[in-house]
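Take a look at this single chain, the form predicted alone, given in structure tokens.
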């Protein structure tokens, strides 16, 4: 089955460094994939904010582009939408894998080698964790990189980053306040890096007090990619 890397709106428009790092990892590991030059939104934000008919139109457009392919996504929101919402609301099954799962598979198969001495804490995105029950793969990757230290609230009890459900756009002051509380938890771990696996989370949690990185950026950095993605 063809693998399509679905970059997502945030990856294309707001945090392209995640897309760049992910593609570098895929290329390094020799993974065959394609991207959609005319990629549409997955429909997640429309669904979360109540525009169901508009979302349905967007979903129909998407199905014409990738109905017979497997999707790779970096965004937890895209993952939840393809995995849960498409089947539940529109009776359409999509074969989708999150990037953290693929990275773990590549690590286990020896297709990528990563080793470091980083002290990292991990933020569970709501859509990937509580909504889809995906907790282990990113942690296993981070444990291979260095030392993983958990925040006070993690796994099922992890605090939201503050950006989900349209809050970042409609109520930016609330999103910022929620993010600051999560940053405090990260700082309390003494970690060098706050890692997440969702571009929305990275975008809202970015802070001068602690380095915030997507898991793809950390891996790409340790694999020796261009200086633009270096940690220091």
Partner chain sequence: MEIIEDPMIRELKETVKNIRETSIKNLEKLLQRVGESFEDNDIEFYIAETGEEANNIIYDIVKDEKTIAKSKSNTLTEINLVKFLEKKGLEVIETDLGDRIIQLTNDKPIHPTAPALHFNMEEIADTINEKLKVKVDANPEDIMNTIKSDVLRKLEDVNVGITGANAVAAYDGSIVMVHNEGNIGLLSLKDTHIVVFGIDKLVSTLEDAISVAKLETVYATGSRVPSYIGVVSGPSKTADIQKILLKNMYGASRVVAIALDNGRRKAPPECLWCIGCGTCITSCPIYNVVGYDFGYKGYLGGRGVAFTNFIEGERASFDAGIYMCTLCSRCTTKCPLEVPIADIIEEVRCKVQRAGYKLDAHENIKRNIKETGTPFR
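None of the values given here were measured: they were computed from a predicted structure. Numbering follows the first chain given and starts at 1.
Missing here is the form predicted together with its partner chain; even so, the following discussion is about that form.
Across the options 46-54, 25-33, 189-197, 64-72, residues that bring heavy atoms within 4.5 Å of its partner chain in the model of the complex belong to 46-54. Checked against its partner chain in the model of the complex, the candidates 114, 137, 96, 126 yield a single residue with a heavy atom inside 4.5 Å, and that residue is 126. No member of the trio 2, 16 and 101 reaches its partner chain in the model of the complex with any non-hydrogen atom inside 4.5 Å. Among residues of the shown chain, residue 130 is one whose heavy atoms approach its partner chain to within 4.5 Å in the model of the complex. Residue contact with its partner chain in the model of the complex: residue 91 places no heavy atom within 4.5 Å of it. Mapping the unseen interface onto this chain, residue 146 falls outside it, with no heavy atom inside 4.5 Å of its partner chain in the model of the complex. Taking non-hydrogen atoms only, residue 9 approaches its partner chain to within 4.5 angstroms in the model of the complex. Contacts with its partner chain in the model of the complex, taken as any heavy atom within 4.5 Å, map within 173-206 to 174, 177, 178, 181.
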